[in-house]
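In the form predicted alone, a lone chain appears below as structure tokens.
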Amino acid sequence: MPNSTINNVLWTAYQKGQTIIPFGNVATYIPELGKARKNALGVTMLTKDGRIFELGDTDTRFTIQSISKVISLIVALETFGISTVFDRVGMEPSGEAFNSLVELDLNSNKPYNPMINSGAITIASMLLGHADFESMLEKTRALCHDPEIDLNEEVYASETANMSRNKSIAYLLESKDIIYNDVDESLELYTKMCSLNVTTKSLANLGIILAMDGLDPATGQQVIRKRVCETVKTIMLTCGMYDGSGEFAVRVGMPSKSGVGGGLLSVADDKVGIGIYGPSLDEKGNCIAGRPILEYLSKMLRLHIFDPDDIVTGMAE
């Protein structure tokens, strides 16, 4: 598809996202996140043939928050293998909020999936002794092609001072013998990973590697095993948008992961990686502008997982 056509589609999608921003709110349960500019919005699309399309606040740095769960899951699967990871964490949508304790306390002896807080804290605990924060930071920089990614000290301090809910989850996990390593150290790694500063470009770079099943088109190197990518994208599709994942999958049809910092990562297999920033959130904790943007892009560029046609990379100007 010609670049001019894609730019026009992106512009229309961007406008659709802007119209819905007033109906959302920035996250305030982490006070530092509440300082974000509500009307900020940026979109970056990166195609497998190296073309980049972007609009809006694409250079603004924001904290990755729960999108870091994708990276932690990749490292855990590469380190321990699929069977070991999913012996400790489930693969099913929870149907509850991202920070819920209900399903873990009443319905299951392990977290439902790695995309909710209980599952991600379990993954962080597994990684202790195998990967420290510095190695995880370097992995994140490499996958996002962004050497400037670093810890946002202010957000990290704000999260640490307001983590009663996650502490409750972590100690519940310990009481069920799901996590064996130190609770505080597990929470520290989890929280630091959530507090990394990224941009929409960072997320798009990660997205295109996932879209290419672990092959980095910028270097030609296989940086993630294909089977790991397939597993991660499946979990993203079914669980990545919390208790809104089912409707999102139907309407958008792309594996996606959101974060309460306003970030949104989406993947169209063998086509594009997409990064979005919009700190105005819906009631599920997802970027409220993200769904109309991605729904329009999916429809007009035929990015839905069950649409076999590839009109994005099939023809360039």
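Since the structure is predicted, the reported quantities are computational estimates derived from the model, not experimental observations. The first residue of the sequence shown is number 1, and the count goes up from there.
If you look for the form predicted in complex with glutamine (GLN), you will not find it shown, but the lines that follow are about it.
Only one segment in the set 270-278, 253-261, 34-42, 51-59 has any non-hydrogen atom within 4.5 angstroms of glutamine (GLN) in the model of the complex, and it is 253-261.
Residue N117 is the only one of S158, N117, N152, T140 with a heavy atom lying within 4.5 Å of glutamine (GLN) in the model of the complex. Among I30, V26, I288, A249, the residue placing a heavy atom within 4.5 Å of glutamine (GLN) in the model of the complex is I30. Glutamine (GLN) is not shown here, but in the model of the complex it comes within 4.5 Å of a heavy atom of N166. In the model of the complex, at least one heavy atom of C194 sits within 4.5 Å of glutamine (GLN).
Counting a residue when any of its non-hydrogen atoms is within 4.5 Å of glutamine (GLN) in the model of the complex, the hits in 48-71 run Q65, S66, K69.
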